[in-house]
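A lone chain, given as structure tokens: the form predicted alone.
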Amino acid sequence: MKDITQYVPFSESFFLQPTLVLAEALLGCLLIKETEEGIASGYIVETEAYMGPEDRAAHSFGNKRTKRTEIMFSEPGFVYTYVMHTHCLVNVVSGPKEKPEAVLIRGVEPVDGLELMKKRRNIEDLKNLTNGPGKLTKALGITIADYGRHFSSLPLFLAKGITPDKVSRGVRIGINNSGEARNYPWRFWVTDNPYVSRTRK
């Protein structure tokens, strides 16, 4: 396992890309979390973009501003965590300030801290360890307490990883009640990677 100082977090400028561009650019990047238990990290292999006020699937649709969505109105690069069905999900705030957009991280390929991740998830099956937005947060130790941090600094940050050989694009998952937004091709994933969560039937 690497020492945390061997990683170089992305600068704030990395997050200034348009949301759809950022959602694809995040593929292959290292998502890293340091806790008292140790370091856990993974290559991002699946993301979904949520385009704010005009996107019926976004929490900030119609510029909805609540205690939960407040961080989405900040500058790009902040951590937006929330709980859904008892699972914590993690997003990268994107879009200009006061334009509440975000990218959901849906799947990662484990890199560092494999035994720690298996312990946290209480499973040995690698394929199911981090292939979903709630699975990866539990494995990496990402919690609701990370809300409002910035991905350019410890203990939760993003760093350069690998360049995917091929990227696929399609519709998002689990947003059936969002009208026409359910058909927007705003999900990106590393083609044929086993840690991609699933495809929509």
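Quick note: we count residues from 1 along the sequence shown, nothing fancier. Just so we're clear, the structure is a prediction, and the values are computed from it rather than from any experiment.
The form predicted together with the DNA is left out here; the points below concern that form.
Using a 4.5 angstroms limit between non-hydrogen atoms, Thr66 touches the DNA in the model of the complex. Interface residue remark: Ala58 is counted as part of the site for the DNA in the model of the complex, having a heavy atom within 4.5 Å. In the model of the complex, at least one heavy atom of Gly174 sits within 4.5 Å of a heavy atom of the DNA. Shown alone here, Tyr82 lies within 4.5 Å of the DNA in the model of the complex, counting heavy atoms only. Shown without its partner, this chain lists Val111, Leu116, Val93, Leu89 as candidates; in the model of the complex, only Leu89 has a non-hydrogen atom within 4.5 angstroms of the DNA. For the three residues Tyr43, Lys99 and Arg149, a heavy atom within 4.5 Å of the DNA turns up in the model of the complex in no case.
Look at 22-30, 35-43, 161-169, 132-140: in the model of the complex, residues with non-hydrogen atoms within 4.5 angstroms of the DNA sit in 132-140. Taking a 4.5 Å heavy atom cutoff to the DNA in the model of the complex, the contacting residues in 90-123 are Asn91, Leu104, Arg106, Arg121.
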